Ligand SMILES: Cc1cc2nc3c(=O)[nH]c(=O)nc-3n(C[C@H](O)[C@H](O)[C@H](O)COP(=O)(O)O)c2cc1C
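Shown below, as structure tokens, is a lone chain in the form predicted on its own; questions about how it binds or moves come after it.
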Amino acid sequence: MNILVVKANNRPASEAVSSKMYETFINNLEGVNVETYDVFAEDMPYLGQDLFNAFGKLESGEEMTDVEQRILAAKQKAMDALTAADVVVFAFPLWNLTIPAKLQTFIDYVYQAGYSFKYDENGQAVQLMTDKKAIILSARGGIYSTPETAPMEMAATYIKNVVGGVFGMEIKDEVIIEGHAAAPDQAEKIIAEGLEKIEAVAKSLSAVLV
């Protein structure tokens, strides 16, 4: 089994819960091939005209600028990593109601017609990644699971809509740790319970019986 972990927080685990979630997951895996794609460590120019210029020059054979070469290489690296994975794990925080910009760039790289989805003869979108599974690991200091606050949560919801709804991956597990900033007196318990769930998720993937 090949597992790709998309890590989207460059704060240390001592300060960031989603980084601790990533470490807990990695430390409890055994007997599988695992690769981490750290969006903060990768060279990932933002999606924009540079990419479309690069596509045009690729077709015409024109010489590309440095940024055009970089964005093509980065996009291909992200797609290659995703292609090779049987299970894709996203470890990320809720920042300002959404995902970190670097994680958005990863999604932008792989959200491509003909690769992760396609259109049929009737113009309907067809999922192309139904053979893959996804796991969502996300932390948010506030509480966004109530009927009143859930519509504001655009991080875990967004990732599930994209990889599950558009790409067709099966969302195998989801672990959300929330409320630790809103209720600091309960933070230790909230985080510990969430990390226990992550340990169980990682061990369920391990090929070696512990």
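In case it trips you up, residue 1 is the first one in the sequence shown, and so on. From a predicted model like this one, the values you see are computed outputs, not experimental measurements.
What comes next is about the form predicted together with the ligand, which is not displayed.
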query	finding
Heavy atom within 4.5 Å of the ligand in the predicted complex - the one residue of A101, L97, A113, V126 that qualifies	L97
Listed range touching the ligand, judged in the predicted complex by heavy atoms within 4.5 Å, from 101-109, 114-122, 72-80, 135-143	135-143
Contact flag, A187 vs the ligand in the predicted complex, heavy atom cut 4.5 Å	no
Touches the ligand in the predicted complex: V17 (any heavy atom, 4.5 Å)	yes
4.5 Å heavy atom contact, K197 to the ligand in the predicted complex	no
